[in-house]
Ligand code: TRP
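Have a look below at one chain only, the form predicted on its own, in structure tokens format.
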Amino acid sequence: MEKQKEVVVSGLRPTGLLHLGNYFGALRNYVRMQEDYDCYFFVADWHSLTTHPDTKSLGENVRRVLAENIACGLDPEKVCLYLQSSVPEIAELYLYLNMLAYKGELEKTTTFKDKVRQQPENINAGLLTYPVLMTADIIIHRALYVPVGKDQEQHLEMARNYAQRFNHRYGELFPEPQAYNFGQELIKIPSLDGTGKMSKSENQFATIYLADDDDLIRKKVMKAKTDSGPLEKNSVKPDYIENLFQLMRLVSKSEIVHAFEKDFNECQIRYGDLKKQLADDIVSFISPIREKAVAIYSDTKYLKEVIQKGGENARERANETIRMARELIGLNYFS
């Protein structure tokens, strides 16, 4: 008898273009996991409404995210690739979990406080309960692993809490989901200006998008913040310089990184050369993904088939979970 694969769930919001941070923080692991795990990967279109209530470009963004997911190596024959809104069972589980979530703890969430500062005119209930919906996304498939970036660690901790609360109150149903990164440290990809992380919809000139053309990539990298170089041998790199080296470690050959590290440590670093090399290596990395994504994006029939099949498969497992949840809660009054 074949051993049942462990379940993995993760999703990306269609709030803008995917970028290098999405690739190295999530998509790279998605691709590695599809061979050995039962994978459910979704486009979080409901989540996007919390911060992007204007839906004029939502359809275009959803199709682009799907195309870029597949272009990065996800195989719809190996994973369940679907839209969050295609699985209404998620919304039902979200309702039940909201009864186990408390206003005080939700208001303390780092991402909620950040979003309140960013959009003070749109502090909606969906924004407040974002971690609850994220929990529903994960545990609707009774997932064990979630390949997330470092910025999602707090949400995942809350997901474990809500799963525990449900199990304690109603009976054992949900495993406690764990972050998964193949034993490596969770990655947070810095922006080129050193002021934060790369973003799908903010700080656009300091973010490298998978859709950027070669010239734009070079222009962005060459504008990255540097200084006149170290004054003492083997000195500690400033954050904005370490950021460039971190990007180089991801996209460049190890001997290239080593050579620039050596130059820095010996106070011989030429940042113009480093940025030119980094730009070339990012171009080499991104251009095949971009070209493949453009071809997939234009094939609407194929994308529709992928989403329909993925939605059906996702609902099958979600239905099973909701049936068991209703039973445990005691909502089957005449059974």
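Start at 1 and count along the sequence shown; that's the residue number. Everything numeric in this text was worked out from a predicted model, so none of it was measured.
Note that the form predicted in complex with this ligand isn't included here; everything after this is about it.
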Quick one: of Ala206, Leu247, Val146, Leu74, which gets a non-hydrogen atom within 4.5 angstroms of this ligand in the predicted complex?
Val146
Which listed residue (Val251, Val79, Ala163, Met134) meets the criterion of a heavy atom within 4.5 Å of this ligand in the predicted complex?
Met134
Consider Gln152 of the chain shown here, and say whether it contacts this ligand in the predicted complex, taking contact as heavy atoms within 4.5 Å.
yes
Does any heavy atom of Tyr130 come within 4.5 Å of a heavy atom of this ligand in the predicted complex?
yes
Is the gap between Ile138 and this ligand in the predicted complex 4.5 Å or less for some heavy atom pair?
yes
Although the partner isn't part of this model, could you tell me whether Arg63 comes within 4.5 Å of this ligand in the predicted complex, counting any heavy atom of the residue?
no
Thinking of this ligand in the predicted complex, which stretch from 39-47, 287-295, 55-63, 271-279 has heavy atoms inside 4.5 Å of it?
39-47
Of the residues spanning 57-82, the ones with some heavy atom within 4.5 Å of this ligand in the predicted complex are none
